[in-house]
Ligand code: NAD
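Coming up is one lone chain in structure tokens, specifically the form predicted on its own.
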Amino acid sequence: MNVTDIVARESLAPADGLKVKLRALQAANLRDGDPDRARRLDWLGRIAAMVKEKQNAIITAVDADFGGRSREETLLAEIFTTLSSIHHAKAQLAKWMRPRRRAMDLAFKPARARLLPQPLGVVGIISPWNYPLFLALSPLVGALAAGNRAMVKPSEFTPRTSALLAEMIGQRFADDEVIVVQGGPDVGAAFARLPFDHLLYTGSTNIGRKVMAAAAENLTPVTLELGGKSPAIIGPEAAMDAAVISIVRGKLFNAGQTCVAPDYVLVPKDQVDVFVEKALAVAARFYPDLANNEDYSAIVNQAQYDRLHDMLAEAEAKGARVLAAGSGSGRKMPLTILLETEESMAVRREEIFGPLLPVIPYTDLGAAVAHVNGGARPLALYVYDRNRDNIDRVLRETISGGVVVNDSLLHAGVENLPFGGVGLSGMGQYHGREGFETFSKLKPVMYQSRLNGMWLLHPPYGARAKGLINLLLKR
């Protein structure tokens, strides 16, 4: 009897049902041991095959969940990125799995040492709604490449995509390989309390705290991919036209519902009006007739839409100047630039996750850097400038999860770069080799030589041992 049959027959509370599923995965891991490269490649191939086969169904499901999601954005941000991560993992897997030599200190020679990559066991993945396919499958690729079983909890805010993901995984994987569990906050809370060998959560900082606290009950190690206030700094010598195009494109992709979207822009004081004028013009050019534009995505649900409107209303009530690039319809919101904002406003304190864009003037680059450093460390930082000294200063004097120079967003799709936050924007990293290592135990192994000098240090400690110890201390 498989896990599905057990859960179907028994009336189980969410936590009990999840424990049954987890035990099946753990038992399979103990039974089968470390999967070889061929099996891992087969797992990765199955994910690629299901994404290609169900491409149109994925586009339809995501569009329905959002109430209007750009087909091209889903192709780029869900399909292409997922397949790219699989292609990279398959190409690099042999290298990643290879034991790694470590140099041995002279005092321990002729012993030698290696690191042996080993799967942790069963990995839990809690994925968000904003990129419901990629942010579920990208960490899964890393977990499977490392040889683990996995359990995925997608967001209840994108129910059609979550159901499709469960169906696709169920058709391609056995219940003791990979499973998808669906449900609301009660299921998510029970999921986070399971004794996984590693747990990856992508979502808000507030929920991240709760996930980490729940995981701590089992001392489960966590990777937290959170968000925050990701700044864009337009340097004193930036190419303004190119910078504006990049920032607007990055801000309006998925209507700003991206964890690495530019959250606010720091602009030289004497260039603010130029930036605003150009940004509004670019947004109108990118998305004409916004209400009927199929290239532009909607805000995912009414609650998120209302949250953004509340932010905007509070800012206006406190004296912010608001300029919008046209008008939307339904849950499609235009790029809305906010000037003369204050730190007390929610739009300045909280992650926006929508097409609202505060523009903050600065007097010199040092002031811009100080502003960034005055807040929590961001998940991403974007710096635009043609002067290498200015760029290097920002890189040197700020700390963030990742940086793109003279563009935005793109680093999140580069498999050769680790992706992760720092401080309140997250902990740990994945993608590519770093993802493989996150979900592996790099087991250190020391191989002692048959001929070695340890006998010189056997007790009782006579003059010879004491002399050798003194010699070692003098090195």
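Everything numeric here is computed off the predicted structure, so don't read it as measured data. The first residue of the shown sequence is 1; numbering continues from there.
Separately, the form predicted together with ligand NAD exists; it is not shown, and the next lines address it.
*Asks:* Using a 4.5 Å heavy atom cut-off, which stretch among 168 to 176, 271 to 279, 107 to 115, 155 to 163 contacts ligand NAD in the predicted complex?
*Replies:* Partner-contacting stretch among the options: 155 to 163.
*Asks:* If you check His309, Lys210, Arg386, Lys90 against ligand NAD in the predicted complex, which one has a heavy atom within 4.5 Å?
*Replies:* Selected option: Lys210.
*Asks:* Find the only residue in Ile247, Ala368, Leu357, Ala192 having a heavy atom within 4.5 Å of ligand NAD in the predicted complex.
*Replies:* Exactly one listed residue reaches within 4.5 Å, namely Ala192.
*Asks:* Judged by heavy atoms and a 4.5 Å cut-off, are Ile126, Trp129 and Gly203 together in contact with ligand NAD in the predicted complex?
*Replies:* Every listed residue reaches ligand NAD in the predicted complex, so yes.
*Asks:* Is Leu140 one of the residues lying within 4.5 Å of ligand NAD in the predicted complex, judged by heavy atom distances?
*Replies:* Output for Leu140 is no: heavy atoms all beyond 4.5 Å of ligand NAD.
*Asks:* Taking any heavy atom pair closer than or equal to 4.5 Å as contact, tell me whether Pro99 reaches ligand NAD in the predicted complex.
*Replies:* Looking in the predicted complex, residue contacts with ligand NAD do not include Pro99, since no heavy atom lies within 4.5 Å.
*Asks:* Tell me, yes or no, whether Gly183 is in contact with ligand NAD in the predicted complex, where a contact means a heavy atom of each within 4.5 Å.
*Replies:* Because a heavy atom of Gly183 falls inside 4.5 Å of ligand NAD in the predicted complex, the answer is yes.
*Asks:* Just checking whether Phe353 would be counted as a contact of ligand NAD in the predicted complex - the rule being heavy atoms within 4.5 angstroms.
*Replies:* Residue-level check for Phe353: yes, a contact with ligand NAD.
*Asks:* Going by heavy atoms, what in 355 to 382 lies within 4.5 angstroms of ligand NAD in the predicted complex?
*Replies:* The stretch 355 to 382, when checked against ligand NAD in the predicted complex, contributes only Leu379 at the 4.5 Å heavy-atom cut-off.
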